[in-house]
Ligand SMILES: Cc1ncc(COP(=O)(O)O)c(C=O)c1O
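Read the single chain below, which is given as structure tokens and is the form predicted on its own.
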Amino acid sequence: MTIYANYAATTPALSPAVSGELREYLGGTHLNAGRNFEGLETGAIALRARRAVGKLFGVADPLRVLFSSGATQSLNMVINGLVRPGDHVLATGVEHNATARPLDLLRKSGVIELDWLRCRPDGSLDPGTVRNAIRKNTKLLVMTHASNVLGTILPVTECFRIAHEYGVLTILDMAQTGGVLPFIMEDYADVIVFAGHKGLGALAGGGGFAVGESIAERMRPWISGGTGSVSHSLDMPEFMPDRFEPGTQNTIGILSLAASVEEILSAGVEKIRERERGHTARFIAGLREIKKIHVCGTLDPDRCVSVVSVEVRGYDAGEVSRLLFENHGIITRSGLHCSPLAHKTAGTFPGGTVRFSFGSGTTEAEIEAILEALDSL
């Protein structure tokens, strides 16, 4: 039996309902939206997904929900579209490289000034840190909603309120929290970024972002090309969503997103959160009974998503992952998890950790089996 404990990377299987919709789609005709009459169906699929995602994240206008290849492309598009030379940008000390690398590249190129907000070793952040770091030229605050290494949920609503007091724009990376934690974009964030293949349960290679009404006007297109509209001009269209969606869309990925988000809306994010919180609570409690294991991050399941990183004293992280898979069929993720900043914050750099993450298919029996396997080490 194989036990999958790597949901922070990707959800391994589509639900039967989503798979059924995709099979039906694959038996039909695949044409570009806006390029032909039959392609109107493709446009309808995209609109269905925009409405579902908009309802999930509290985006008033579904046309301000944009699709891309995923959270990484979205973060690059949003960051590069909003910053201007001389801007000061703030981000946290637990950011994924999808945020950290584009920001650091802009810093190295001399475009922006950049400060990392210091987090505590468990990944938590004092909102007052934001106020103390804001300068006259601070224009952007980028935050992950929850660390993909430590699982710790950051106080984004408090931090964003402070940022808005000073006119600082806010970007929220929801790669680890989309479909898992309730969040209303219009109340707190100027931009949210989401990944389709994690908590949202869609195909890999899809995701996107949503922007506030004022941001749609201020943000410059970072990728340009054909849209099937305003084709007489060499400029990107001014209207949404065409302004930020050049090229051929990943329609099957967007369809999977529409169907999976509709399932999440039907189930209720609060119920999904409570189920995952229960798994995390049991897992952390069990880990604390194993002497050679050090649990990184917060030990409070109310303050984290279902992502738990551990160090096993006397073992290399990669060796633990290998033993868990070869001897017990348990799939985990070891190393630095594309987030060296988080590991430096936690004091686990450069060796990294073994990360366990749970999701829609996780069972109580699997949690117990993982704990037994770790105890046997």
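In case it trips you up, residue 1 is the first one in the sequence shown, and so on. Fair warning: this is a prediction, and the values are worked out from it, not measured in the lab.
We do not show the form predicted in complex with this ligand, though everything after this point is about it.
In terms of contact with this ligand in the predicted complex, the residue from 305, 191, 175, 141 that brings a heavy atom within 4.5 Å is 175. When you look in the predicted complex, the only residue of 156, 71, 264, 125 with a non-hydrogen atom within 4.5 Å of this ligand is 71. At least one heavy atom of residue 148 is located within 4.5 Å of this ligand in the predicted complex. Contact annotation: residue 243 falls outside 4.5 Å of this ligand in the predicted complex, judged by heavy atom distances. By the criterion of a heavy atom within 4.5 Å, residue 91 is excluded from the residues contacting this ligand in the predicted complex. Mapping the unseen interface onto this chain, residue 169 falls outside it, with no heavy atom inside 4.5 Å of this ligand in the predicted complex.
With this ligand omitted here, the record of contacts in the predicted complex names 95-103 of 156-164, 95-103, 280-288, 244-252, defined by a heavy atom within 4.5 Å. Residues of 193-228 placing a heavy atom within 4.5 Å of this ligand in the predicted complex, in sequence order: 195, 197, 198.
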